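Have a look below at one chain only, the form predicted on its own, in structure tokens format.
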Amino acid sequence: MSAESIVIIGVNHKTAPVAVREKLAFSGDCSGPLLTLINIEGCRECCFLSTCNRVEVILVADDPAVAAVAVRGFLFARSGLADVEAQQYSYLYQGQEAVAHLYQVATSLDSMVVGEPQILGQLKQAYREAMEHKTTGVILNRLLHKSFSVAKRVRTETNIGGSAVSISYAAVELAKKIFGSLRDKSVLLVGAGEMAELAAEHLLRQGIGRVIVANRTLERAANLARKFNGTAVGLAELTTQLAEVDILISSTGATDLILRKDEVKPLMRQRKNRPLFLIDIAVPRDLDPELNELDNVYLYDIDDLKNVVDANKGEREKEALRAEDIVAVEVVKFGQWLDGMELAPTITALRQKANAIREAEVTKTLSAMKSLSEGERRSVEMLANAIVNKLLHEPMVFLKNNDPNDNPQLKLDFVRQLFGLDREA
């Protein structure tokens, strides 16, 4: 099985708008897709990956071109799109390109946010499900395991995930710089905006101690607080809660400021000047810019956070180039392993044929020379064995030579034809 038998067909955020990706959305259970895919004619192995930004099928096929048409048909079956549109919105990688693409997915080089860690977990889950349904074999098992180790190598040898490149993550990174550990800290979410919610999720991953949600509508506050095992309060309690918390993240839809310098100044005396970190990600702004004039009050608005994100994106791009180099090296290594997979059966077959000829000729010779002593018979056997080994030496060197200018498949075909390894007995 050559590298060309490995195929990846899919749709992602780069090739298709969300309106198209929604039509391809599959439920969380991969049983149906896996069982359908593995029954496609010529499909030997398969794995199915479905996330909010991509749907991909990784497969090993006898006839990649035929399998690709069938897989694309399966992916777009419920979309209502014509075949021409399905080809327009999807991509197909084969051989080394497929291996490189999978490594880029695992290392998040192909993600909407380069360096995000979620995709690796999603790929591992997809592999677990494929293993449970027994749809992977020797090649995909090796390929997927290698993709995980390549991702680990990229995380270890580069800083691709070390810089905040989202507004919510940047806010959390700034909070860590101010407080160090966030484990005993508390956060007050004002409003129920998406970015505030994402920031709260990042804070929870950092071990934040307590979450309080304040909103004009107490029911909405309660719904959001429930996600974080937190407490819901009305917006009227804002200043009361501010006397106790360490971090405030505000993202309301208010048209005017909801918190002013004069309201916070007396609270700082009550807090004994304990640091207060304020994140304003609302447009228009929720928090009075003059709050920054107070001692131990650290206020960042969305423009401040964007500046952090833009600077960090440049850093991630540099790290991404280093990661691409690692991926390129690992793709070559996998190709060498795959070539070895094809090489091993040829070497075995060549040795078996040579040994069979040796044994037959030695047996015929010794049966005609019955007067030989036991020592002489062993000498004949050793002579025949030495001749076979010496004759096989050059073909073995030829097969194992990793000259980059060689075509491994042509070499294998030549040796198999030269020694008649594929002829029927």
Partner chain sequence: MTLLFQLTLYLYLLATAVYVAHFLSRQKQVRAVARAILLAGGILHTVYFIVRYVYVGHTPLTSNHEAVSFFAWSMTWAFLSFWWRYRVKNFGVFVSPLISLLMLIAALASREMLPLPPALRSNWLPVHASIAIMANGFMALAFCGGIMYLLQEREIKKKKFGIFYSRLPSLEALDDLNQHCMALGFLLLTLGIITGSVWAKQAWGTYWQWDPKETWSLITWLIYAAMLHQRLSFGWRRRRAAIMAIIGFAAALFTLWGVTYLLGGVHSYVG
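Residue numbers count along the first chain shown, from 1. C-alpha atoms forming the largest set that superposes within 1.5 Å between two forms make up the rigid core. None of the values given here were measured: they were computed from a predicted structure.
The next section is about a form of this same protein that is not shown, the form predicted together with the partner chain.
Original post:
Using heavy atoms and a 4.5 Å limit, would one call residue 178 a contact residue for the partner chain in the model of the complex?
Top reply: Yes, contact at 4.5 Å.
Subject >> Close approach of residue 145 to the partner chain in the model of the complex, 4.5 Å, heavy atom >> reply: So residue 145 does not count as contacting the partner chain.
Original post:
So in the model of the complex, does any heavy atom of residue 339 sit within 4.5 Å of the partner chain?
Top reply: Close contact is absent here: in the model of the complex, residue 339 is far from the partner chain, nothing within 4.5 Å, heavy atoms only.
Original post:
Would residue 294 count as touching the partner chain in the model of the complex under a 4.5 Å heavy atom rule?
Top reply: Yes, residue 294 lies within 4.5 Å of the partner chain in the model of the complex.
Subject >> Residue among 97, 317, 237, 304 with a heavy atom within 4.5 Å of the partner chain in the model of the complex >> reply: By the 4.5 Å criterion, the partner-contacting residue is 304.
Original post:
Using a 4.5 Å cut on heavy atoms, which of 253, 345, 275, 73 is close to the partner chain in the model of the complex?
Top reply: When the partner chain is considered in the model of the complex, the option within 4.5 Å is 275.
**OP:** Identify whether the partner chain in the model of the complex is within 4.5 Å of every residue in the set 185, 298 and 308, based on non-hydrogen atoms.
**Re:** So, yes: the whole triplet contacts the partner chain.
Subject >> Among 76 to 84, 111 to 119, 128 to 136, 169 to 177, the region lying within 4.5 Å of the partner chain in the model of the complex by heavy atom distance >> reply: Partner-contacting stretch among the options: 169 to 177.
Subject >> After fitting the core, residue 295 CA displacement of 2 Å or more between this form and the one not shown >> reply: Residue 295 C-alpha, core-superposed: shift of 2 Å or more.
Original post:
Relative to the superposed rigid core, does the CA atom of residue 133 travel 2 Å or more between this form and the one not shown?
Top reply: The answer is no; the displacement is under 2 Å.
Original post:
So with the core overlaid, does the Cα of residue 318 end up 2 Å or more away between this form and the one not shown?
Top reply: For residue 318, whose C-alpha is compared between this form and the one not shown after core superposition, the shift is less than 2 Å.
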